[in-house]
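Next up is one chain by itself, shown in structure tokens, the form predicted alone.
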Amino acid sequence: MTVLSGARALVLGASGGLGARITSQLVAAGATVVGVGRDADRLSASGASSTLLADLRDPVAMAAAIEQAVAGGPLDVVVNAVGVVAFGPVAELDADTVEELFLTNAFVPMFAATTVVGRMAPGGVFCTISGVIAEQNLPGMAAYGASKAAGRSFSEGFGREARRAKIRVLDARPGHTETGLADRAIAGTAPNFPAGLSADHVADVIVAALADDSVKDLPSTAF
């Protein structure tokens, strides 16, 4: 088991609907958590031990955030909960939307892994959240799904490399979750989704997996 009490943790996207809940649960479990995000009020409400405002799409900002997080020693837990969504048919996609989707959903976890891999303690865990869309893409969400699938694919390869350093890599793929993200789309309008999973439930499953060394993947069926 990865002992969360006393663990040093970093949550990227701690000001988001899911990241904030994961942060608060890690703190409740006894971890010291550095929360990073772009909304100061939401970061404060997450209960993180310390916070940093940063746009993690910038590799320089990512490096600075990780340097702050490792100031007290190697990290035991890293969670990437950064993400954006866009809706609409392929015929209406524009280059700026595609670029932002991939920069946020695919490049951010890559920037994080590249910067943090040598700063994690043996037995640590790195988790990123791609979502069920990475398992099966949907019309009206093609570019979003592709960006998340790229993140999932990266996690798969990174996970095989990280085993040598005794770092466990998890990719979490919950179904549609009620975080409010769909209402903040960077393009298009969300379809009428059925009621989604509770954000608290999804955070529960992810935090439990962080503490359980036997969990190597978190497919949609885990939620």
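Residue indices: 1-based, along the sequence shown. Predicted model, so just to flag it, every value in this text is computed and none were measured.
One more form of this protein exists, namely the form predicted in complex with a small molecule; it is left out here, but the text below deals with it.
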query: Residue stretch of 149 to 157, 82 to 90, 119 to 127, 69 to 77 approaching the small molecule in the predicted bound form, non-hydrogen atom distance within 4.5 Å; finding: 82 to 90
query: Heavy atom within 4.5 Å of the small molecule in the predicted bound form - residue from Gly188, Pro59, Gly175, Gly47; finding: Gly175
query: Proximity of Leu18 to the small molecule in the predicted bound form, heavy atoms at 4.5 Å; finding: yes
query: Residue contact check: Thr179 to the small molecule in the predicted bound form, 4.5 Å heavy atom; finding: yes
query: Distance check, Arg163 to the small molecule in the predicted bound form, heavy atom within 4.5 Å; finding: no
query: Ala64, heavy atom within 4.5 angstroms of the small molecule in the predicted bound form; finding: no
query: Full three-residue contact with the small molecule in the predicted bound form, heavy atom 4.5 Å, for Val169, Ala211 and Lys216; finding: no
